[in-house]
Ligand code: GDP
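To begin, one chain is listed below as structure tokens, in the form predicted alone.
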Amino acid sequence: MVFAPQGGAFCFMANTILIGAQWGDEGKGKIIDVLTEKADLVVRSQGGANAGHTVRVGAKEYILHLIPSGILRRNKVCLIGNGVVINPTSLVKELDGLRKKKVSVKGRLFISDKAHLVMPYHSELESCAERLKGKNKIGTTLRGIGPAYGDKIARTGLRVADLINEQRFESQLRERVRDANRLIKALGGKPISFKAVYSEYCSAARRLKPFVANTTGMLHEALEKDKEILFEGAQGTYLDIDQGTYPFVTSSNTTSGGACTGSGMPPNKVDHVMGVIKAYTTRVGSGPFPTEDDAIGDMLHNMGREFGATTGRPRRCGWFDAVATRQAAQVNGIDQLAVTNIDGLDKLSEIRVCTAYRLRGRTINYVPTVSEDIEQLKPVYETFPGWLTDTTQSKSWMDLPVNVRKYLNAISNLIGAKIVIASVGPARNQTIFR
């Protein structure tokens, strides 16, 4: 991997939070993988197996859900923080998948004992809830993430520390299955077998116990030693439970503040927040999407692009939304930008960027709070000339066609943050540092 030369504009410093500045799927996995070359620790701090990061290393492709993407680089230590919700059996499968691809995690992966568990009854409850919503469903991955966070907030959740204590886990699980089954039956769902879950999760516990640690303590030891720490965000800003397009959001804080609460990192130890954006916009699932455009979606899908790493669902696609991204930069404190999927626009003669919205006859420059208002937004577009040139072989900023550079500079100015990385393909060597 070629980094910017010493004294260049881009400088990776200790303690950087990497955040998706759109609706997720911005290509964070690849950027994390690239940046990890300079990091000592990589920390995942929120979300669950509903997130998927795709990383291509040489001819191999890896899809990671719970394990930080930094695991693909040798000698890098990866932490799964207390803010993550973990399905133990899913994590074991992910570990087995890495082992089959000759990726060793021994001595490099650690799981917070404070992290909450995703249980089978969570998935069943989520399926019942989505079914009952009908056309108003959220469009979740049905992996039980929301109900798991719900139990966490209700103070009835089970944690990794409970999982690895077989006696305590048995009594707590028995009570939780009983209570969950009452609700599942009332919602018309399929009750969960305590015996089956207990057996399955105890088996997973035996596999995971060697990885369980006080990750907050490890994080602070690294801080004392001036180690470089990279925080890996999952999903994106507009799926944040507080700042996103509620209720069409996930159940955790996907913004930069969540990296601190989900890991034990003090906010005053954060040096940079890097936002990852696509050169256009996508989202998966239901909910408002002001710049959605079927034509650009058809083009990208026909190119074999924009299918979810977790579900395989085709992503909804649209033009770049500078209004939403500028607000994301403000919320997160983004001072650096990585732009991915530039090559997805190579065949367009004209490219549009949303620079404002019209809502019921007036122009606004912010994302409204109420989803019904967001549905009513009419984008105000500025048009830029395309480049009609293959960008995938570009190796430097000046290798990029002039219209690419003009487009990226315009995005940077509209957002108010500096572009330091431009990605023109999924491979590590298709990464340009400015």
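From a predicted model like this one, the values you see are computed outputs, not experimental measurements. One rule holds for the numbers: they count along the sequence shown, beginning at 1.
The next section is about a form of this same protein that is not shown, the form predicted in complex with ligand GDP.
Stretch-level contact analysis of 79 to 87, 170 to 178, 334 to 342, 153 to 161 against ligand GDP in the predicted bound form, using heavy atoms and a 4.5 Å limit, identifies 334 to 342. Although the partner is absent here, Ile17 is not a contact residue: none of its heavy atoms lies within 4.5 angstroms of ligand GDP in the predicted bound form. Not displayed here, ligand GDP is kept clear of Arg326 by more than 4.5 Å at the level of heavy atoms in the predicted bound form. Using a 4.5 angstroms limit between non-hydrogen atoms, Gly29 touches ligand GDP in the predicted bound form.
Contact annotation: Gly52 falls within 4.5 Å of ligand GDP in the predicted bound form, judged by heavy atom distances. Residues of 416 to 431 placing a heavy atom within 4.5 Å of ligand GDP in the predicted bound form, in sequence order: Ser423, Val424, Gly425, Pro426.
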